[in-house]
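Below sits a lone chain in structure tokens, taken as the form predicted alone.
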Amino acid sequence: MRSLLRTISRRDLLRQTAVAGLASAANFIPAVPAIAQKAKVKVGLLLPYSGTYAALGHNITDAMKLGLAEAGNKLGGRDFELVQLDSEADPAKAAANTNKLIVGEKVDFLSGPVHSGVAMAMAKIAREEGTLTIVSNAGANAVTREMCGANIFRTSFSNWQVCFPMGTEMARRGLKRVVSVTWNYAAGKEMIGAFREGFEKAGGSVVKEILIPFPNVEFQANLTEIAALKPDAVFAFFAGAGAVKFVKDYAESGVKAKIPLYGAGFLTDGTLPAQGAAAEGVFTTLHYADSLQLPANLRFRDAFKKATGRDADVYAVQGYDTAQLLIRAMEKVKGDTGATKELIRAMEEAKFDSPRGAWRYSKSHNPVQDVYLREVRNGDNAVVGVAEKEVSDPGTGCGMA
């Protein structure tokens, strides 16, 4: 990560040298930290603010703002600036957008994105540049596996982490033959792959994996195929507007009445008001549930509602915890963004009460967290139980793990 001193222009350095020389003649030497404190800490946000995932990007951002406001709108005693850039959930633009923030804006911290394809490009560049990066949603396994780095952290989940437990859970429920369906992109394939791993390990069989071009939301042909296959259940991963459309189409087509629907938690998180009765009875696994009766969650949901007029969801929780991580790390170094090793250590050692539960990191910088089994009941993701406690991503291929 660049210190603020590295972002000062050559002309500014010459000017400061001259000032320092005059001050020396007056037996006064200005402290370097005092110079650094004059600049704002810059936090770059590469998130979707338009398109299918826009609501997710806004909830992450607004929850970050809430957390920072609760800390007096300071990071280690310093003012800060959030530099927001629309990722458009477009992997083709990810490298250019990441460079805009790291090279163009010279941000001290980088956070985002939602789309796993964007995350892969962002993490690659961030590793090369050494910019301290906090992935606030994208679950691409590689980010905290083979692409892991000392400066790369995640405040969300790995795709494996939230879906493997559902495979085990569905097998426990006596389901034998299952169809999985998702968009044909990195996150979708990793999600259904993790589910398959858990399900087959527990004795189940995935009879068909249906991959739909992203971001297509025309599902009728796929639903017809599912009905013809007559599986015991369906496991699905969609998010945002796509999740709304799939769940509604699944119910309206009549498939839901014969074949129960399960999925990754994003299928029903932040989407229930739009899905309405169509979502009732859908089971999902996720590292968060709206109805968790934890003091930290109750406080957070109340504060987020007051601040935004919206109900909090898992994306908001991840944004809020991103702010908590930044706040704690910057407090440890007293606002010195140049203290890279100390900042990394502070993040690695961070422990606090998150709305999702107790917070701590694995060696590969992925959260270790409970994965909850939820069922949609009366328009709420009600907690049925814990599908698996303290799930840690394997960190395969990560030299730090």
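Computed from a predicted model, the values in this text were never measured in an experiment. Counting begins at 1, following the sequence as shown.
Heads up, the form predicted together with a small molecule isn't pictured, but that's what we're talking about next.
(Q) Looking at Leu175, Ala187, Ala323, Ile102 here, can you tell me which has any non-hydrogen atom within 4.5 angstroms of the small molecule in the predicted complex? (A) Exactly one listed residue reaches within 4.5 Å, namely Ala187.
Q | Contacting member of Ala126, Ile134, Ala312, Ala239, with respect to the small molecule in the predicted complex [4.5 Å, heavy atom] | A | Going through each option in turn, the one that passes is Ala239.
Q | Met191, heavy atom within 4.5 angstroms of the small molecule in the predicted complex | A | Yes, contact at 4.5 Å.
(Q) Given that the small molecule is not shown alongside this chain, does Gly112 nevertheless sit within 4.5 Å of it in the predicted complex, heavy atom to heavy atom? (A) Flag for Gly112 set to no.
Q) Contact between Ile60 and the small molecule in the predicted complex at 4.5 Å, heavy atoms? A) No - in the predicted complex, heavy atoms of Ile60 and the small molecule never come within 4.5 Å of each other.
(Q) Although the partner isn't part of this model, could you tell me whether Gly167 comes within 4.5 Å of the small molecule in the predicted complex, counting any heavy atom of the residue? (A) Gly167: no contact with the small molecule in the predicted complex.
**Q.** Candidate stretches 294 to 302, 231 to 239, 104 to 112, 194 to 202 - the one whose heavy atoms come within 4.5 Å of the small molecule in the predicted complex
**A.** It is the stretch 231 to 239.
(Q) Ser116, Gly139 and Phe157 - do all three of these have some heavy atom no more than 4.5 Å from the small molecule in the predicted complex? (A) Yes, the whole candidate spot contacts the small molecule.
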